[in-house]
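What follows is one chain in structure tokens, specifically the form predicted on its own.
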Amino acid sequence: MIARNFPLLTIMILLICSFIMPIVKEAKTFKKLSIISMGASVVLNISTLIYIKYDGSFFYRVGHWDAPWGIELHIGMIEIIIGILFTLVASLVIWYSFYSVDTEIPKEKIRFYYLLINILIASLLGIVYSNDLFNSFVFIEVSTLASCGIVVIKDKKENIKATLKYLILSILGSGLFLMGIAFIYSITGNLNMTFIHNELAEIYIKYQNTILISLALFTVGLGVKSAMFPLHIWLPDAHSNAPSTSSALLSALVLKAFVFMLIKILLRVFSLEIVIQYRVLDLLLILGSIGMIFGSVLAIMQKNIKRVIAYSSVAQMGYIFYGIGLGNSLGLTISIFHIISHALTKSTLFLAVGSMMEQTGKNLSDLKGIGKEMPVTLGIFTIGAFSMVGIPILPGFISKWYFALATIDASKLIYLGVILLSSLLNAVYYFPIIINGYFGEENLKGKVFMSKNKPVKELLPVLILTVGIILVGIFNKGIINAINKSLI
């Protein structure tokens, strides 16, 4: 029974440690505090996963009041898998940051950087676990401020500009989300997702316009925050100018929390049966398809390596929205699976690129021949890139294969061409980086073998992420089955 307290305890540990960090003077101490608190969160979430496997999902009351008056968490298999994903990736990113943070962030701000990471992950877990709309809104606002903090932390002109763009658009998205809550509260009188769902099942026929408006507000508001095309305009600047560890967290985790929140609203607040009656899913399908194509097209046009990966995130988020838009069980299942695979892959890519940029430069031309100087790092990047393109065994291929099957199941065969074209475009901007890094006399001329390679201890967290990518690809059936059973 004690395991039922672990999800809330995870959030509390991260927040309490973040409050302690400002009073800690020694850099080693607050760095250890951050990694220990995040590691403890991983252990607690794994323990909760074991509990759920045997005893099933559960609702957790926060405080003395039962729902709908009190705050409630819903912890199921999907939520805890996402929780493990977030805390594990964050732990590895923090570990990697010990070797890179001093080169990217002013020394006097490093303490606050780790403070912000703890607050960010705690708020993202709150979004994932919460079964209350307004409580989710509070966590969304906290995560937005923390996200802006880890972007602007470098305190440079381009970072400030990128953060202001991110903040303004995020505030807009939050406002739309809050308006959606107001509309749904006006017809149900509830903020608890379960109680809203039960109320809507009886009254939705009377309030179809109100439901449509609230659906649109939720979709657009969370679409801004999760970089749904064409609401992604804040993302390239924020990701490319932030420290590499911040870029990894933003792309791998922050975007995923908001799109997961949208899935929760569509399924648990409204239900798929109600949502299908409106054109919201068609909108997600179309915008997801456009994002898959144009995200890749825009990536091809970039010269800055981090902007290439940033626009790649737009394309990959397009896959997730595409799967949701298909409106069938398989599409939703694979969208959640893609959240997992993309989080591991994109964090790996950003950290590998950060390591290469530290030794060379930020432009694609600077990376020519890097495969001779940093063969292990480019090898890590290559595995991540192969997954994005869709090479078999890796999770990117698994996602695209099942997205194709979901498309056939939904009788939308014309969209199979979108999946194929997107995969080809992915290859267009990832393969040249790998080829020019490893091959070509002009590219390799004057390069000294392993002259810029980082020590194994610095690459170890990225290597673990790479192993994670491969394992998710190999054991995809177990993960997909667990997600599918939870959705049913």
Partner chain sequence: MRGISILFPLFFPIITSLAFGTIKFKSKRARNIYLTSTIIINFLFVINVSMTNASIDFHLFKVNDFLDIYFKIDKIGILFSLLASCLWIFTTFYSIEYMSHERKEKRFFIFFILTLGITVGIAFSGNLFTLYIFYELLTLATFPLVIHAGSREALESGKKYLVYSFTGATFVLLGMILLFSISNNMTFIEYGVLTDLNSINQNLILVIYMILFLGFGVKAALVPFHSWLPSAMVAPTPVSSLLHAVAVVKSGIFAIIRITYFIFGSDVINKVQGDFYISFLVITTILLGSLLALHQENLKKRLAYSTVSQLGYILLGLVMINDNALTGGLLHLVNHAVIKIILFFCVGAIYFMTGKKTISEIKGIGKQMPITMGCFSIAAISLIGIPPTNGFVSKWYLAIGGLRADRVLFSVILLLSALLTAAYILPIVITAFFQGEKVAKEDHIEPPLRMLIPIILLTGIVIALGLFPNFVLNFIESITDSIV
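All values derive from a computational prediction rather than experimental measurement. Positions refer to the first chain, counted from 1.
The same protein has a further form, the form predicted together with its partner chain, not shown here; the description that follows concerns it.
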Practice item. Work out which of the listed stretches, 23 to 31, 60 to 68, 416 to 424, 36 to 44, brings a heavy atom within 4.5 angstroms of its partner chain in the predicted bound form. Key: 416 to 424
Practice item. Select from the listed residues 401, 195, 278, 204 the one whose heavy atoms reach within 4.5 Å of its partner chain in the predicted bound form. Key: 401
Review point. Which one, 391, 233, 172, 286, lies within 4.5 Å of its partner chain in the predicted bound form by heavy atoms?
Key: 391
Check your understanding: Closest heavy atom of residue 386 to its partner chain in the predicted bound form, within 4.5 Å or not?
Key -> yes
Exercise for review: Please check if residue 474 has a heavy atom lying within 4.5 Å of any heavy atom of its partner chain in the predicted bound form.
Suggested key: yes
Exercise for review: Would you please decide whether residue 397 lies within 4.5 angstroms of its partner chain in the predicted bound form, comparing each non-hydrogen atom pair?
Suggested key: yes
**Study point:** Contact flag, residue 456 vs its partner chain in the predicted bound form, heavy atom cut 4.5 Å
**Key:** no
